[in-house]
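What follows is a single chain, given as structure tokens, in the form predicted on its own.
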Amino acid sequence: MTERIVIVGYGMAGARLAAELHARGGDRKVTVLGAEPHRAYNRILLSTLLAGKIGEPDVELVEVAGQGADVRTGTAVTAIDRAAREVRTADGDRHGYDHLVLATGSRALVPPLPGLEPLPDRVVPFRTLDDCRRILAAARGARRALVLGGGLLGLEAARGLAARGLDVTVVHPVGHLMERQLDEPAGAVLAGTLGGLGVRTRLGVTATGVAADADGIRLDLGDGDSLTADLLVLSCGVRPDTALAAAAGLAVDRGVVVDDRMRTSDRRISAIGDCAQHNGTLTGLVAPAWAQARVVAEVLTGADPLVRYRPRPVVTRLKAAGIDLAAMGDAAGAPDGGGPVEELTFADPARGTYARLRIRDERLTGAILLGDNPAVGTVVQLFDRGAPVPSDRRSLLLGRAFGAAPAAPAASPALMPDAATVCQCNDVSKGALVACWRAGARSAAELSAATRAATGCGGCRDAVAGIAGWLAEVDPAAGHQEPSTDRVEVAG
């Protein structure tokens, strides 16, 4: 009997699960129901689209949902009937399932400020492709923009609008930017870097109200001041979309509660991506969502019934032109008291450079690297793999010129270990790329198509291209040859 699998949500998590199921074959019918009217797209690239660096076709996911999958866009699911094992949609249809997967994602938070209910025309949250379109439409002919929220997404939006020539100010209620990832000194350096790129910041001040009329937008602040602009972008965080799960009686905390196999309190229902809460933790990032999709595909197809989801260390990258930032682990917060901690810092605010490392038992437990840090690739690899740090710590802060050579990025892909992770989003190693080259892939694009490297945040695109260029110069199957001297930074 054909197994019926229904996936609610056609975002990055739902689309990946459909593709993973298709790749494993078997007798099953997969139905994907997406509320948005578009094909699945790469949400991570919306800030690049906002900056005008790419067009809409470039954000569409190149990976199809899988032949035979019934993909329905613009189809919102309104209810789950667990007893009948079916879901109901806004157009009145019913879809039966043997297994249901919730990939409903999260929604942008709109702060409860006077003047935001209903949202004025030129006040737009930044979360979806339609949001991006509205922001771009409002930006045409605009001179000034405000961004409420100085987290990762808010800063990417601000930089994108500044790149289009707008005068941009970021308003953030905390005393420094990206407080979840950065400490105060790093936040100050980042604010200085943004200032040099045309983005002003107002920190440690709350918004108290919004007024909109034909002349523009006014944002009132808690210190009695007010700012005016032609456009206000809201980037005040997100909340997991758990309404369907809660209405169906599933266990819900901040997100839909799942176990190590991504199963909810109903074993016929799984949840993945932004809406899922595993071991008390929400993800909100693409790499964990895609790893969860793999786990569910392995479980549902029986390919690996014993598979378990195990979160990997997360590296946060700020994707904005003129800013190079990587943050990972516990560097921004206070030590947890688990043992002696070694702290190393280096700051050069005039050059927009800051580095902070936290080391325990000769392993990196956290790092912040902002600006021109030659050792960023090595630091990411050491953190990701849990490898011992060099005895000369300066090499991690300052790079090859000031410390031990092993801490600098590999001068050539030939010097990178095969186990080195090139693509964090898809967990693709250098060895996997070499193997695909030997199997017939002959360009960076073909390596990406075969391994999915560089299809997530895009931070490893240059590294994949560098490896492809090196492989084009040598014949890996013929043994080790003199490599190219092209420098490759692996920090995807």
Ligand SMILES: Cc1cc2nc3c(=O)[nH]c(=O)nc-3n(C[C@H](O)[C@H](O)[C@H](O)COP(=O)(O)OP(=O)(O)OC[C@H]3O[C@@H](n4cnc5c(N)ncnc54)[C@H](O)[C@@H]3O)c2cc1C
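Start at 1 with the first residue shown and count on from there. Predicted model only: the values in this text are computed from it and were never measured.
One more form of this protein, predicted together with this ligand, exists but is not displayed; see below.
Per the 4.5 Å heavy atom criterion, this ligand in the model of the complex is contacted by stretch 284-292, the sole one of 168-176, 203-211, 284-292, 255-263.
Although the partner is absent here, S270 lies well away from this ligand in the model of the complex, with no heavy atom inside 4.5 Å. Of the heavy atoms in A247, none are within 4.5 Å of this ligand in the model of the complex. For the chain shown alone, N426 is not a contact residue for this ligand in the model of the complex, no non-hydrogen atom being within 4.5 angstroms. Using a 4.5 angstroms limit between non-hydrogen atoms, A35 touches this ligand in the model of the complex.
Checked against this ligand in the model of the complex, the residues A186, I217, L153, V376 give one hit for a heavy atom within 4.5 Å, which is L153. This chain is drawn without this ligand; in the model of the complex, the residue among T75, T353, T301, Q277 with a heavy atom within 4.5 Å of it is T75. Within 4.5 angstroms of this ligand in the model of the complex, the stretch 423-442 places no non-hydrogen atom at all.
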